[in-house]
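Taking the form predicted alone, here's one chain by itself in structure tokens.
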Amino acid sequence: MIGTVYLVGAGPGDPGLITVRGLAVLRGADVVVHDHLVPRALLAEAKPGAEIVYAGKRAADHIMRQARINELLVERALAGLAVCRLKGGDPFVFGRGGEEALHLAEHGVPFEIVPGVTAAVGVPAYAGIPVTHRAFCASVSISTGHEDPEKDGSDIDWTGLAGPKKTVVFYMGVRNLASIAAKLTEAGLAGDTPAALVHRGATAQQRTAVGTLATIARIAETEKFEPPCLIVVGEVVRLREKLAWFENRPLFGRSVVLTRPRERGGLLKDALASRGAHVIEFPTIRIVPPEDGAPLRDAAARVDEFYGLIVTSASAVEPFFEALLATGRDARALAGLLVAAVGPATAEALRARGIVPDLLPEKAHAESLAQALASRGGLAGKRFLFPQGDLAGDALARALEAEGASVTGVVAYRNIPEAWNGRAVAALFEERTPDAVVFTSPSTARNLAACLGTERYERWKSSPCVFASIGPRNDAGDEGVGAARRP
């Protein structure tokens, strides 16, 4: 059986700009062949065991020639594999996707095109430059700034590009910027026509320079702009002064690594990203069911024998309710029980199951919960059920038992180290060490070295990278409760 090759546009830099369809293809692919400009954070979305192939091209530096890329796609498809050809921007806009699709068609290989946000639109938007505005332009042209060096002459209609009320976007032209500016001027554009240069648009490394056709080449040289860059020429560039937003956010330029399980990182990820941080999801633990689910099901069947239910991690909510359903019961079995929770994520997971916690301490750690329960008084003889992770300690149970209560702890889930493909790790962090790493539990910190590899782990330790933790270190803490010291 022949596999399918999917030519997927990853967008211009921000991993959040990939389409829903593109992300689904990436997550299901057996092989991911990616370009240099693909957001590295997207590679973490590949399924465990997927083959990651770097086929990047930079100016005068081709890791893999186009002919070999074409052959590779056919080889993997003929082996029956699903191949995601992940390309920056849109595969059909200066992405050579058309060449690859033709090669696949000629060899009888099924393929699908998944368009992406092209850099010509996405990058200027992230620089605060709308490529269209009815007060400034009537059309947009997209042109290469680096034509095939092996052909004779130029195919670019410079007179057409220099027409009035037009925005022109050039790809791959920073090293030819002086020539581009000169040809546009010769074709009729005034030397004071606004021009902008955007380096690594829509990424944490974005830099933008604004000038005119007469000055932009000198500015690029002075400020040492290197590829990849996008050039925007036209009156719309003037709008950047009022519309710049991406580079003005408080955490812009900072890269932050989240080590918690991917399915649990949503709230924190969104909060950091909304403030401009480049968030890299790098889960060092994975949540899996207990080896023996019988104790949890038995406890769920007897839940009405307890005075209260304690939940300190959102990871425990789903397996507990699944165990409850397995006994033929549902949320109504908790009627009359005191339900205590730690942390807003845990509370939200309970609310999704129709349960509003009776007790939610201000500080999201187990000591605060123990203190809040103890302050209610009258705990002597009261029984609590505590579905927890396999790495949870006994500090919470000991605190409640000191008040005369009894706590039945039962394993609802296990934390196991996440298995990372070495190439995927290298692709994520090849360019630089992150500015910060956030730990949400002791296990996320303990497993970091195993996921990174010794050499990269030691490099991070000796770098200015900040190691941050959520909450104090807590012996009762499992995923979502405890914290970590600096590695």
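Predicted, not measured: the structure shown is a model, and the values here were computed from it. Residues carry their position along the shown sequence, with the first being 1. C-alpha atoms forming the largest set that superposes within 1.5 Å between two forms make up the rigid core.
The next section is about a form of this same protein that is not shown, the form predicted in complex with a small molecule.
Heavy atom within 4.5 Å of the small molecule in the predicted bound form - residue from P361, G128, G409, P228: Checking each option against the small molecule in the predicted bound form, the one that comes within 4.5 Å is P228.
Only one of A314, L258, A119, I180 has a non-hydrogen atom within 4.5 angstroms of the small molecule in the predicted bound form; which is it? In short, A119.
With the partner left out of view, is L37 within 4.5 angstroms of the small molecule in the predicted bound form by any non-hydrogen atom? Residue-level check for L37: yes, a contact with the small molecule.
Using 4.5 Å between non-hydrogen atoms, is M172 touching the small molecule in the predicted bound form? Within the cut-off, so yes.
May I ask you to state whether F246 is within 4.5 Å of the small molecule in the predicted bound form, using heavy atom distances? Although the small molecule is absent here, F246 would stay clear of it in the predicted bound form, with no heavy atoms inside 4.5 Å.
When the contact criterion is heavy atoms within 4.5 Å, does K269 count as touching the small molecule in the predicted bound form? Because no heavy atom of K269 falls inside 4.5 Å of the small molecule in the predicted bound form, the answer is no.
Only one of 291-299, 368-376, 332-340, 92-100 gets a heavy atom within 4.5 Å of the small molecule in the predicted bound form; which is it? In the other structure, the partner sits against 92-100.
Checking A323 here: with the core superposed, does its CA move 2 Å or more between this form and the one not shown? No, its C-alpha moves less than 2 Å.
Superposing on the rigid core, is the Cα displacement of V279 between this form and the one not shown 2 Å or more? Where the cores coincide, V279 shows only a C-alpha shift between this form and the one not shown that is less than 2 Å.
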